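Read the single chain below, which is given as structure tokens and is the form predicted alone.
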């Protein structure tokens, strides 16, 4: 099946809101063998009618996000009803649910809010447990001369859209797929290796088979390796993928921080971090994960040398002799964080984010990452990320998380296949 995604909202075209709907929807549809062939973004108002009409001519699945709210520019529902010749009527059960929602919050309900209870004839209501506007599904019989089509109108806010897709859209589409459909999408998430290396190690071999689609998505310090094809074929090649790039694969769907927190929780181990150049990025990513409170004890941002001394106990002579951006200081920071928090592990980062401050032996982009562990020598990795300041922080944080992941799994601590150096201190 082919899908077309229509995102409505002038705020998207004005750049006021980042449009992330395609990414989420495509990731959900692809495992079903449904490919998002086109995305269209239109402003609020009348353009949505033409966009739906054209999309139904091209794609078997059309998903529209946004424009189901109560204001005058929210006309997705009305535009679709007019296009398909489906009269609107008020669904009293929806209206009562909206009124009850406002009453629970002790809020007044404006008259125009009731528009969200209007349902086109023949459309199926998709309940919205996280907002007032329900979604709508137009099954093939409602689409006139286009019987093999499926049209969904969904709310725009991600907190409403995502559960509606999971709980209602995907089950409908899964039931509509041919019984013999066995195509699957598998995504291997890697860090510490570039997409060109992934391609040369395994991607070219997989693509040469001819029955599997191969794709890559590169992000700072990470790569997604994607394969789509018959489930039998994917099962055949998976052992080869793991053999070639297994040590760089951190998950089949989770983020790096989710994967790491899961490892620590499973082993009842704790973590603290001491950050300089990353400014709290490592702690931020860890604490984004539900359940992080079970394993995360402390995040210390010791940006100034004086803070490294007073908070972490880094000896002044180390700072004066080697500089704050150095292997001995990274080790002392990690040791100090573990000592102060009583954690099983501690990570540290100290580097030069730029654009100024580099030297010949420590150019901008240099970062030292320390790992202190209970009953294990402290180790430090030196990395080089000559990128802009924000990307540097992201890549350095990923490298720190990956260093601990590798330690936990007994992998070489250097993604290149070597080991991190023991500390000099």
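C-alpha atoms forming the largest set that superposes within 1.5 Å between two forms make up the rigid core. Positions refer to the first chain, counted from 1. As the structure is a computational prediction, the values presented were derived from the model and not from experiment.
This next part talks about the form predicted in complex with a further copy of the same chain, which is not shown.
- Taking non-hydrogen atoms only, residue 76 never approaches a further copy of the same chain to within 4.5 angstroms in the model of the complex.
- Heavy atoms of residue 43 reach within 4.5 Å of a further copy of the same chain in the model of the complex, making it an interface residue.
- With a 4.5 Å cutoff on heavy atoms, residue 350 does not count as touching a further copy of the same chain in the model of the complex; it lies far away.
- For the chain shown alone, residue 302 is a contact residue for a further copy of the same chain in the model of the complex, at least one non-hydrogen atom being within 4.5 angstroms.
- The stretch in contact with a further copy of the same chain in the model of the complex, judged by heavy atoms within 4.5 Å, is 286-294, chosen from 241-249, 169-177, 286-294, 82-90.
- Although a further copy of the same chain is omitted here, in the model of the complex all of 27, 30 and 197 have a heavy atom within 4.5 Å of it.
- The partner is absent here, but in the model of the complex a heavy atom of 215, alone among 139, 215, 127, 313, sits within 4.5 Å of a further copy of the same chain.
- Checking 191, 258, 326, 281 for any heavy atom within 4.5 Å of a further copy of the same chain in the model of the complex turns up a single hit: 281.
- Residues 384, 386, 387, 388, 389, 391, 393 are the members of 378-408 with a non-hydrogen atom no more than 4.5 angstroms from a further copy of the same chain in the model of the complex.
- Annotation for residue 65: C-alpha shift of 2 angstroms or more between this form and the one not shown, rigid core superposed.
- The Cα shift for residue 363 between this form and the one not shown, taken after rigid core superposition, is smaller than 2 angstroms.
- With the core superposed, residue 158 shows a C-alpha displacement of at least 2 Å between this form and the one not shown.
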